[in-house]
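The chain below stands alone, shown as structure tokens; this is the form predicted alone.
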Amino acid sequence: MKLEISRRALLGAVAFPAAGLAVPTLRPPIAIVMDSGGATVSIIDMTTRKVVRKEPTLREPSHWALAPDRQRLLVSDAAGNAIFFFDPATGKEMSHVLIPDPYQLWYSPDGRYLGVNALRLNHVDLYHADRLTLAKRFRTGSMPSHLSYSPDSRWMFNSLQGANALASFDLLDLRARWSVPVGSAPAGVMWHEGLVLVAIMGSNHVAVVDPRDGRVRRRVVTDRGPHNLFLAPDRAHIVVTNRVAGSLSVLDAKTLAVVARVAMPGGPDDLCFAPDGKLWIALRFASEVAVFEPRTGSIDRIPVGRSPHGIFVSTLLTDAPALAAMRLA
């Protein structure tokens, strides 16, 4: 049964508390939004909630990864075959390098490797993180989409959107471990409490996968078209963006039970948690960013470029719990 979140639920189970830190002194704090349909990156002043400028990319910016030293924000431009480097505090472009089809990317927890999913070319590249030289190329099934790692950096997990599968690779031996069916059009992947959670975008659920052999142990029904998963800074909740339904599902992080659903029209895609407890959400179909206040249920909308995809908030640079949660997710 679909449950629309009530004000009481917002004030109770899903009031994502501030992380216990003062709001960072970055002036001004900014949100960096990848406008994948507009070949731009929108820079939002988080205080005024206005787009202050747009930085051009080549063709299709989609996802980001923060370098381990926090001095560079990597933005992937798959159709442009490039990775852009931005100053994460100011949103100014620093440089870019040419890399084949970087769609989604993330650093291994130990900072040794940068994994890059080449969705169009059907392979996963593993780069030495310190110099961005290719360590290994894994050929995969169709459309490698999102990725995650085990906390010890031993295993990488990659959703194969076109093959309806999840693949896993051993980063010590640099070999494929397994590739197994998990559901229609899998997207977001997250390691959580010894399990791998996969958003099954072609259905209405999250698959809970055993990392040892890829067996689907259970299914958690969220809403139509779950796209990605995000661990809250308090690690008590997981937020699932249901892009097709236009909603958020909030899971109890221990039981994975759905404790609330929030209507979020416009195709919620990626999101970030701010230190004040608000969620900054890219609305893919609405060309907007939503700023959601769980305590009151209010939603402010900020127009950005076409098809906003990934979103990074500079407050993560000094918000240790939120940054740690993002790295786990």
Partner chain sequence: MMISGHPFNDLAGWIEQMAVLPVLYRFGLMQWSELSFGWTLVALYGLFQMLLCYAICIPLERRFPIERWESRKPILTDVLYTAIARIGILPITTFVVFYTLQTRLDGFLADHGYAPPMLETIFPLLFGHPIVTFFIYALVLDFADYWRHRLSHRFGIWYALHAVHHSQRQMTVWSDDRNHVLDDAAGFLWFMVVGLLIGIPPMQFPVLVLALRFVESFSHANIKMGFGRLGERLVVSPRFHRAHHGLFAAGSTSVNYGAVFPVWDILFHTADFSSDFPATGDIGAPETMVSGGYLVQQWSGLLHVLNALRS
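All of these numbers come straight from a predicted model, not from anything done at the bench. Numbering follows the first chain given and starts at 1.
We do not show the form predicted together with its partner chain, though everything after this point is about it.
Of the stretches 273-281, 45-53, 32-40, 289-297, only 32-40 has residues with a heavy atom within 4.5 Å of its partner chain in the model of the complex. Comment: its partner chain is not present in this chain, but in the model of the complex one of K92, R137, R215, R219 has a heavy atom within 4.5 Å of it, namely R137. Think of it this way: in the model of the complex, its partner chain has a heavy atom of just one of F84, W106, F230, F169 within 4.5 Å, and the residue is F84. For the chain shown alone, R224 is a contact residue for its partner chain in the model of the complex, at least one non-hydrogen atom being within 4.5 angstroms. For P265, a non-hydrogen atom is located within 4.5 Å of its partner chain in the model of the complex, even though that partner is not displayed. The shortest heavy atom separation between S184 and its partner chain in the model of the complex is within 4.5 Å. Its partner chain is not drawn, but in the model of the complex it has a heavy atom within 4.5 Å of G305. Contact with its partner chain in the model of the complex holds for none of A67, W155 and V313, as no heavy atom of theirs lies within 4.5 Å.
Of the residues in 177-205, those that come within 4.5 Å of its partner chain in the model of the complex through at least one heavy atom are, in sequence order, S184, A185, M201, G202, S203, N204.
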